[in-house]
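What follows is a single chain, given as structure tokens, in the form predicted alone.
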């Protein structure tokens, strides 16, 4: 096991989907056997969109259950809830003293949120990158598994680490993106418009909690065309998307059969989507049922949360004590 620390979090809103599994969870599962890992449910981050308080707790439990059902082992990783670690908001406050309004306003995520929710442009949205930096730096993380949409925030975490080190003395390593393989897998949406998303188009996204019937119906509505007119012709992007999903969950000989049918101009998209739907059901159903089983065991989830809290706070308190000393906030030492 390498001694490089890994940190990553997921918001306690929405449902995990196929893109989360292949784009993130599979990497997490590999990392847990090779690195000290801290994975958390980002409930503070979800507050920027004012979620229903009655739904916050079950959402946190569901995210925890889904992470475990997908293969994260609480005995191998530190799995915790963000709000259980009071050291995080304290470091967040410290880092905000080194964050500048202009640079925060330039982040792509802030500009996007300010455009899509103009009536709720709160300070939490503006300082989202600072809180994310605190999540990472509180454990002195070296690696952060992130997608393209979060790389700017990670760059800001490096900036804050550099500023702190320059102003108060070396303390924080500069965190860098890390994933197994050269590129993250991007799971295409069923309508061919970009990738699957928690919030964009529910009918074009396959969620890990979807029922068997919902999976089949969504797959049968996947965007296709009239079929190839020339043998061995190149697949258009919309058809590549369907085949990409087939390759992820179907047997290799099944995948190759439909590839050959396409090349021979004998492809029947109805048959392809029916096969994909059944194979997708076989893939998602065990995760869905395992999640339900874990969700119903409240005592187990409470134990996992408490154990994760103790481990995460032990790490976080060491970091915060050091940061306070570096900054001169240690009046009783």
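No experiment lies behind these values; they were computed from the predicted model shown. Positions refer to the first chain, counted from 1.
Beyond what is shown, the protein has a form predicted together with a small molecule; the following relates to that form.
For the candidate spot formed by 7, 128 and 132, every residue has a non-hydrogen atom within 4.5 angstroms of the small molecule in the predicted bound form. With a 4.5 Å cutoff on heavy atoms, residue 42 counts as touching the small molecule in the predicted bound form. Taking the partner from elsewhere, residue 79 is found to have every heavy atom lying beyond 4.5 Å of the small molecule in the predicted bound form. The closest heavy atom approach of residue 144 to the small molecule in the predicted bound form falls within 4.5 Å. Proximity of residue 324 to the small molecule in the predicted bound form falls outside the 4.5 Å heavy atom cutoff. Annotated contact segment (heavy atom within 4.5 Å of the small molecule in the predicted bound form): 136-144, selected among 239-247, 115-123, 136-144, 214-222.
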